[in-house]
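Below you'll find only one chain, the form predicted alone, shown as structure tokens.
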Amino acid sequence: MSDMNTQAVARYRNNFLKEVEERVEDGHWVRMCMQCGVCAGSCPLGPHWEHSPQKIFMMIRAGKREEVLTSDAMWMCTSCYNCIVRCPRKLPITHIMHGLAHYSHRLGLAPKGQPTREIAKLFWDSLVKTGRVNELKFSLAMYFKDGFGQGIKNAMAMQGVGLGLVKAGRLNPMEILGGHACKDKGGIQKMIAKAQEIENRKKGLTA
């Protein structure tokens, strides 16, 4: 085998590929990608990707760990599942992309200020406190995430939508005082903590 071929095989069998296979949801499917590009062509956000799924998979196999885990590509996925439906090899592309996003977040490598990541974090933080999402507090957190002044502008721009939701009974202003919650909040939090413990142990990660 020539030196060039040897280097190519070494890059393919790199540690980052193994890391993804062991620690990312459905990561063992990455090596099955044949780089046909159907996923990128099927994605409604295709033109806006920094790196399409097949490029992300290629970069993983090339050992580009930092470039992959700091990319905002995984956070662009809207879970439409077009890629899975149309993939010739039926790779669980959506699951892998979400798994990579979660893994990069856990490692503290996810891009700061990425809108989808911020929305997901606000949603999760609201959910784990009471077992339910407080719609009003979640909306206000989104409006004011870029500062008080911008928050006022955002709220004023959306006041028509907000009043419509209140009139329709879909938004309760009293939720600012706490909102509805599951009866056993402590049980919910213990369940989440146990699930996190299991995942940490399974993936070999620290809490």
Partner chain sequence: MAKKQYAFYPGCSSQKKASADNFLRSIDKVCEKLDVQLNEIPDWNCCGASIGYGEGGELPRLVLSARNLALAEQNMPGQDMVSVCPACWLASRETAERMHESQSLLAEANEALKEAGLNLKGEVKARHFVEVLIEDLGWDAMKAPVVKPLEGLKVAGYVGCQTNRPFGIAGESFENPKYLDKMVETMGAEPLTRYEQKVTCCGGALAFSEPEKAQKQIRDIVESAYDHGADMIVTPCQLCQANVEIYQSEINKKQGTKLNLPVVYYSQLMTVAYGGSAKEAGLDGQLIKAEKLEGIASK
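Residue numbers count along the first chain shown, from 1. Given the structure is predicted, the values throughout are model-derived calculations rather than measurements.
Just so it is clear, the following notes concern the form predicted in complex with the partner chain, a form of the same protein that is not shown.
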Contact flag, M74 vs the partner chain in the model of the complex, heavy atom cut 4.5 Å
yes
Does the 4.5 Å heavy atom contact test between I152 and the partner chain in the model of the complex come out positive?
no
I'd like to check something about L107: if you look in the model of the complex, is any of its heavy atoms closer than or equal to 4.5 Å to a heavy atom of the partner chain?
no
Residue-level contact is defined here as any heavy atom of the residue lying within 4.5 Å of the partner chain in the model of the complex; does N172 satisfy this criterion?
yes
Hey, which residues along 132 to 152 are within 4.5 angstroms of the partner chain in the model of the complex, non-hydrogen atoms only?
R132, V133, E135, F138, M142
